[in-house]
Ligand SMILES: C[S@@+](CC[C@H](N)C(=O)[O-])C[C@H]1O[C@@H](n2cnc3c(N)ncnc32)[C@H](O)[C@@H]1O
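Presented below, as structure tokens, is a lone chain in the form predicted alone.
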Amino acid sequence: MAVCNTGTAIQYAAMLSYQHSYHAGNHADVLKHIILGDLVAGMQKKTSPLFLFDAFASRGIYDLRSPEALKNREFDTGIGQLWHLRHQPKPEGAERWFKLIGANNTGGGFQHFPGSTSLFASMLRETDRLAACDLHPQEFNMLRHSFNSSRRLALHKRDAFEALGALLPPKENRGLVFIDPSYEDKNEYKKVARAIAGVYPRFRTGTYVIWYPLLPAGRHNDLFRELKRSGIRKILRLELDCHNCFPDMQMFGSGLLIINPPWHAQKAIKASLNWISDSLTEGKAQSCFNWLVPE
């Protein structure tokens, strides 16, 4: 019989209890998906093949009319705030995001909300590959229902941290690794940083994107400290602090750390971040675009 210590058991239980459907479409998803699209588009300015890795894929497409999504209606802080702007001028990243949502809702509206796996899959070129992982049984079943495995898209029911070591480096010389765990276990901030530090020496040419929430406890600083200690250079920090704009949510903002951000994407990222900040909270949010660790 396998035996695990109490800490491991708690981490495993937290991982399998989390379902993103309760949070889909919120302000953090807006930031994640628009910026991810800008990054992939920037990397695709080169013709060489690209490997995309969605380490915490969840179900890929979310029903915002489901009981889970409607429980707290977090989508009202994100896509619900922005949908009326879909026909107005906007940066390329936001335009791409609205088109993806529209493609998943042929009858109009935004009931079917595409997640990161859906975004990546929609941007694959013939020479690109995508791997998406999730260990939660229900989430993985929904992921498999939404997407079919193929030569260019591989679905893995496995632990994301184990998969990092198994799937990296890819056969392609270039790739984007997206990591956005639930952080329900407070130790996960350090765990993410240490996992990246472990695989980075084997895949130095990769672009790593780490999402983190802004919560009152401020534990994202543990992530920052660990990454600074790792010796990894060229880490860009994007952050959106919504202050008290959404008082019913404990999470008041979120951020992305981008290791090796493609130069071709940085102008588009700045434009998207400014648009999100201005549009989501009518200019009340604060955004930052700076280097956590310079080159």
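We number the residues from 1 along the sequence you see. Keep in mind the model is a prediction, meaning the values are calculated, not measured.
Just so it is clear, the following notes concern the form predicted together with the ligand, a form of the same protein that is not shown.
Q: Picking from 197 to 205, 218 to 226, 85 to 93, 134 to 142, which part of the chain touches the ligand in the predicted complex when contact means heavy atoms within 4.5 Å?
A: Of the options, only 134 to 142 has residues within 4.5 Å of the partner.
Q: Even though the ligand is not shown here, does residue 160 get within 4.5 Å of it in the predicted complex, heavy atoms only?
A: Result yes; residue 160 sits at the interface with the ligand in the predicted complex.
Q: Taking heavy atoms and a 4.5 Å cut-off, does residue 26 contact the ligand in the predicted complex?
A: Residue 26 lies outside the contact set for the ligand.
Q: Should residue 182 be counted as a contact of the ligand in the predicted complex, where contact means heavy atoms within 4.5 Å?
A: Because a heavy atom of residue 182 falls inside 4.5 Å of the ligand in the predicted complex, the answer is yes.
Q: With the cut-off set at 4.5 Å between non-hydrogen atoms, does residue 78 touch the ligand in the predicted complex?
A: Residue-level check for residue 78: no, no contact with the ligand.
Q: Tell me, out of 31, 57, 52, 39, which residue has a non-hydrogen atom within 4.5 angstroms of the ligand in the predicted complex.
A: It is 57 that has a heavy atom within 4.5 Å of the partner.
Q: Can you name the residues of 105 to 123 that have a non-hydrogen atom within 4.5 angstroms of the ligand in the predicted complex?
A: Read in sequence order, the residues that approach the ligand (within 4.5 Å, in the predicted complex) are 115, 116.
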